[in-house]
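Coming up are structure 1 and structure 2: the same protein chain in two forms, each one given alone as structure tokens.
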Structure 1
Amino acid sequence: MKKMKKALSLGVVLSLTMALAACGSNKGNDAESSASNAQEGVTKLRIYAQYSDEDTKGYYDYAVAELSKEMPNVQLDLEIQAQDDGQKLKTYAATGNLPDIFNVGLDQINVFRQSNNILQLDEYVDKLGFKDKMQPSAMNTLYTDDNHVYAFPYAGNELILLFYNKELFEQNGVKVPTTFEEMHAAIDAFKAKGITPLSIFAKEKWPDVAFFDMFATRYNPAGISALDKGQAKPSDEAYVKAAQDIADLVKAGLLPKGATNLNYDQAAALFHEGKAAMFVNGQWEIEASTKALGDKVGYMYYPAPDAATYESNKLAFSGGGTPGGFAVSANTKDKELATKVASFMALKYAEFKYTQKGSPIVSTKVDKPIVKTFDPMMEQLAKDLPNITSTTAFAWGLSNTKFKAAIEDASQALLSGSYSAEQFVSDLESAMK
């Protein structure tokens, strides 16, 4: 049965690929596009965007309202984006029915660029000044690996933060660690008080990879992304040292007993209830931790092997993002107008998120006043974002599937306390051969 399913799946993929290729090769023919000159000088453009709940409706409604002021001659015909991992969009591409403007992720970009269904936007990001409006630290969300642009991004880089309970550190006279030596001192101090030094939901493997990545960035700011792209080897000094640092800290008592069996609720409860001094999660944890701990919670920059490395690398973050956003069909009738509208929509989506959703995690610069005040940690993050020197990748963003599987297993094993740095490196090297 498994083989039959595999064969059927392969057949569907081949059919879809052939259809996409056929459609892409039809450039210059009479491919349908919904861009049309309507009556009374109004141009209608078909757009495919999220609009499924109150959250996603807010972004779209705001951008459309702003568009009506800036380009009153443009009317958008919204088609609500299906929650189907992009399958409907791929079907549209295969049948030559792509909307003029559509919201895409990297997966769809890679499929559509091979079939020439997506408009390359290189000349437009310069012509429209969009490139100049990007956050310097978010340029990785603009360019794909072939150094071209296929979508106007609005979402920024998601980041891994090392949260800490300020009150626990102050009450117990513990210095917020900047070096691994200070991290060991913090472990000893908290253990002596019966406080878990650091909580992590290591039952899920992506936080384990992120934790390793945090340490790897102290030696190589590219972290796991350099391994994923084949630009570094697990046996390189940076990764050997990072694995050894973690093994040493785990052995010293950094984590709660059975950490690799803890889910998010269990691990977060330790931190939120003041039973753990530190916690690892993405920046999306800010709201939950602030709700639980108020102004007691903050985030620290990752510790490093020495003070000099800490200072030079403290704004090299684990985490990241991928290209995506509003793209334009290669077959739209009015490329100039469609790209102008797509760029405008992306800028307004970022503006809404920044000013009204209380989040500075956007790809483009925003100069409008904030409507919803940032939480204190978001305020700190908003100040850090323009100065971030590098980002890496989350486990789910790794492109090398063999490496992804191997580092997920090895990182989790490293946190078990019964797995050495040598085994970690050896297993990764073996998996990547």
Structure 2
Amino acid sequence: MKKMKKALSLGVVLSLTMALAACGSNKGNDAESSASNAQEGVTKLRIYAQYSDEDTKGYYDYAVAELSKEMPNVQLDLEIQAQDDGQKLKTYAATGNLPDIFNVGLDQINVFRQSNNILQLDEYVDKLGFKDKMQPSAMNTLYTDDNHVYAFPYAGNELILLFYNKELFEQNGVKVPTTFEEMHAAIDAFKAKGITPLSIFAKEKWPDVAFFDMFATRYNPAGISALDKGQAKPSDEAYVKAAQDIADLVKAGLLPKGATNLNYDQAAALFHEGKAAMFVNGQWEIEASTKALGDKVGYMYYPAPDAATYESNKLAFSGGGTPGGFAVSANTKDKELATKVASFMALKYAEFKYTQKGSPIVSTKVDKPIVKTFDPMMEQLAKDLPNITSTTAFAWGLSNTKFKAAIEDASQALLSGSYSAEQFVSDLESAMK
């Protein structure tokens, strides 16, 4: 009993201390913020941006450093973007608590413009000269379907690439596949050597959609975006065949075991360590892959059902850009300043990507010299870029949310191997009713 009492009193003391400590730290924060507000002429803006790993931190830190040079009277208060399909942002909007500047995708723009949460930027893109700084080829990332601007874009028209390890192909005498038949041959050859043919982080659903889209573009270059816009039906031959091709390849052993439970780190490790011969990701993977594999890594054009289609559709890519980027809340206090900062952030994000990340794929023109030279793969891509015949969309660029959720789920199921092409088509059809 005595012991019990001792433990109890200890517990009470501990919890009290913690409560006190918590109060103390709160006080500290308050003091800090009031102190900075007291500084002459400093305006604080809340910003909602990605800041989760080394990659995304680099962009933000660079842009903030540049901002402090350009506009020393503006201080940004960062709220880290959650990986949650825009849920947190929507909650902010519903409670009238939207940050002054926030990073958005197309589906959030669509919801927010109906509810008057997002500032229409038409006059500002002209006034700030943002429109003149856009790359002519990336205008599709500025205007939404109602011909208005709601966000300052920076990402550009990004692409899905099918990466491969050249050395593994050479060492094992495997031909880089151009047709599905050759793909099957490659699978058999790699499996015999205990090498995973293709790695994909299928726990996240967008790569699954991209993988399906890769195959769909071989039959219909508009791929999933034709479905999204209602210009095609899931039961069209193109999509049925694409689903069937994937089902066959998965059955043949294309993917590592448990692929639908692999995250980026696990799946990328397989490829970077030479345990997998191919890998699917956006072109932003070029940097990481080159770092891990050097000149052994390259990208191939997507294989097609036959040699003729392969040649004709070689430069029809999956991926593409959609409106999105830094948006401004309709209820921000100083609209002029917030839009100025938002546009500045977008420009600096693009600048960082171009000069330090070695990627020319951005929405805006960059006039600063390159710090990190383009990787060889990027050089190759830069040559292909002007000749690209068509692009589609990433999963996050789809505008029909019902279709988006359905194709995300169905594409993932397709990669699990226990799901047929017929099920794929009928699930999509029933979801889009």
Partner chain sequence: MNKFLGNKAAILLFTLPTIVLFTVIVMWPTMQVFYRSMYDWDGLNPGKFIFLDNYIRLFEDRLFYTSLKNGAIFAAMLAVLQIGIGTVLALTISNKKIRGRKFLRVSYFIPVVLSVTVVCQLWLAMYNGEYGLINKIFETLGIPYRQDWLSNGKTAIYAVAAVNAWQNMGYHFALLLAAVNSIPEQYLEAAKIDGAEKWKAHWKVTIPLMAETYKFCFILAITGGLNAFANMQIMTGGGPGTDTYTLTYMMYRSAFRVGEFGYGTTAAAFLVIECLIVTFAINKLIARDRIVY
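Model, not experiment: these values are computed from the prediction. Along the sequence of structure 1, residues get numbers from 1 upward. The term rigid core refers to the maximal set of C-alpha atoms that superpose within 1.5 Å between the two forms.
- The form predicted alone corresponds to structure 1; structure 2 is the other form.
- Treating the change between structures 1 and 2 as two rigid bodies, the C-alpha atoms of E336 and S312 are best fitted by different bodies' superpositions.
- The rotation of the smaller rigid part against the larger one between structures 1 and 2 comes to 39 degrees.
- Taking the rigid core as reference, the CA displacement of V362 between structures 1 and 2 comes to 3.9 Å.
- After superposition on the rigid core, the Cα atom of A155 is displaced by 4.7 Å between structures 1 and 2.
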